[in-house]
Every structure is written in C-alpha cells, then in structure tokens.
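Taking the form predicted on its own, here's one chain by itself in structure tokens.
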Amino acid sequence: MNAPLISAENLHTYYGESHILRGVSLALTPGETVGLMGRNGMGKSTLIRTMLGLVKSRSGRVSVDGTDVTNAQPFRIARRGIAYVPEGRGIFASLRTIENLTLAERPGVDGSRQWTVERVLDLFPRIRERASNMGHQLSGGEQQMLAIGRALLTNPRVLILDEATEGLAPLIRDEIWRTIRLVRDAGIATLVVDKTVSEVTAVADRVVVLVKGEMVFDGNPQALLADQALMQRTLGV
C-alpha cells in the first residue's frame, strides 16, 4: 500500500470543554478518493480543520509525507500541496472572478503547472462568462465552482472539499460531481465531505463514516451499501 500523503492518528479535538473528535484516525494515499460522511454535527468539518491546522488538537498526530505537522500553521500545511475548499467557500467578495483565480495560481510542490487559469475557465464555462463579475455577484453554485477552480490552481496533490454540493441546484450538483470525477481521474488525492450517498459511493474508493466524533465505518463503498442497518443508523438512509 502507498504511504499516506496526509494522515491523522488518534486525534482528540475539543471546543472548550466539548470533546468533538474522539481518537479519530484517517489516511489519504496518492490518487485515492475518500468520502467522509455522517450526519450534521458528527465531527466531519472538525476533522478536516484539525488536519489542516485550522483547529488545534488536544492530542494525536497529523502527518504530511510522514512529517509531523500537528498544529502547524495552516499555510505551512497548504504549501505541502494540500488544497481546501471550505464549506463557506471563502470567495473574496470584493475581487473580480478572474482576480480570485489569478491570485491563487502557482506551481505545485514538484514545479508542475497542470492547472492554469485557462484550463479552469475551460472546465467551468459559467466562470468564464462571469470573469469580470465581483465575487459577491456570483450565485452559490458559481461560487463553489470558483472555489474549486481556485484550489486546483495551486496544483495540489490533495484536494479537500467540505460539503461539496450542499445547498446547490441539481444541475450544479451534477457539474460539481463531474468535476470531482475529473480531479480523481487526474490522479489528485481527494477527500470529499457530502451527504449524497449515491454520489459519494459512486466516486469514492473508500468511505469513512463518523458518529459523535468517532469512526464507525472505514471501507469500500460496496460494503457500506450492503449494510442497510448501518446506513440507517448513521446516515438516515
């Protein structure tokens, strides 16, 4: 098995006195697509944010390429080739669409420039059409496309998407899933948080399910789909 690009080992994270993550471990290997699932408030976003240094863990270890980066500054983790599309998208409202893209463009850690502004605009024609619009003038779906495009422009080895299609119209959701498949096929390791079981299990090599800050399932999509009792209990499906 390939060595992990990014991994969490036995993470315990608190918000004040609330114990959110309870010994969670997760690893993402090169080229692997992992779906992270669970009901609201189960610790999915906290796990991602802890791995990225945005939230400090009380104990446990986060590694990138085997190097300990536990509680490192987020920009230092990002510079190792980890790109993040947050739930709130993080678009710069006062910048034009094209400016949101160009400010992010840089070579990958290996110097590669597979993703350019022009390639992103080809991927998302809607964004090309709105290149001169301000960030706040974009719809939610357009903002999500822009956020994904901006992340790809860092030429990452790992792409993490939190609530990839939450609140988007069906046609936009389909476009986001098409993009996730393209990213997967390009060999970028991807961690996707989403509640759409059919789509997550169709695109992921592996699915992880959290319940109250603990991992209750880590396996292939077929095994999850075969366990209807588990899905009903943990996902409400």
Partner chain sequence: MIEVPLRTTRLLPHTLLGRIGLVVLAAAITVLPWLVPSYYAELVTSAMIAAMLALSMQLLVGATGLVSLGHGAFYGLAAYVVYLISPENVALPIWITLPVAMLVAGAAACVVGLFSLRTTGFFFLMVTLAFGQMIFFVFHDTKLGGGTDGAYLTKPLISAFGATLDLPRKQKYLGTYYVALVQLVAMYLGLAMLLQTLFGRALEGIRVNEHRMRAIGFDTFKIKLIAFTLAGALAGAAGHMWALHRGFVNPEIVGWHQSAEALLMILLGGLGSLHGPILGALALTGLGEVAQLLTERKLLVEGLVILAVVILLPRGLAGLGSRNTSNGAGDRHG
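Just so it is clear, the model here is predicted, and its values are computed rather than measured. Numbering follows the first chain given and starts at 1.
The form predicted in complex with the partner chain is left out here; the points below concern that form.
- Using a 4.5 angstroms limit between non-hydrogen atoms, residue 166 is distant from the partner chain in the model of the complex.
- Although the partner is absent here, residue 84 is a contact residue: one of its heavy atoms lies within 4.5 angstroms of the partner chain in the model of the complex.
- Residue 155 falls outside the set of residues with a heavy atom inside 4.5 Å of the partner chain in the model of the complex.
- Taking the partner from the other structure, the partner chain in the model of the complex has a heavy atom within 4.5 Å of a heavy atom of residue 121.
- For the marked spot (90, 95 and 131), a heavy atom within 4.5 Å of the partner chain in the model of the complex is present in each of the three residues.
- Residue 54 is the only member of 36-72 with a non-hydrogen atom no more than 4.5 angstroms from the partner chain in the model of the complex.
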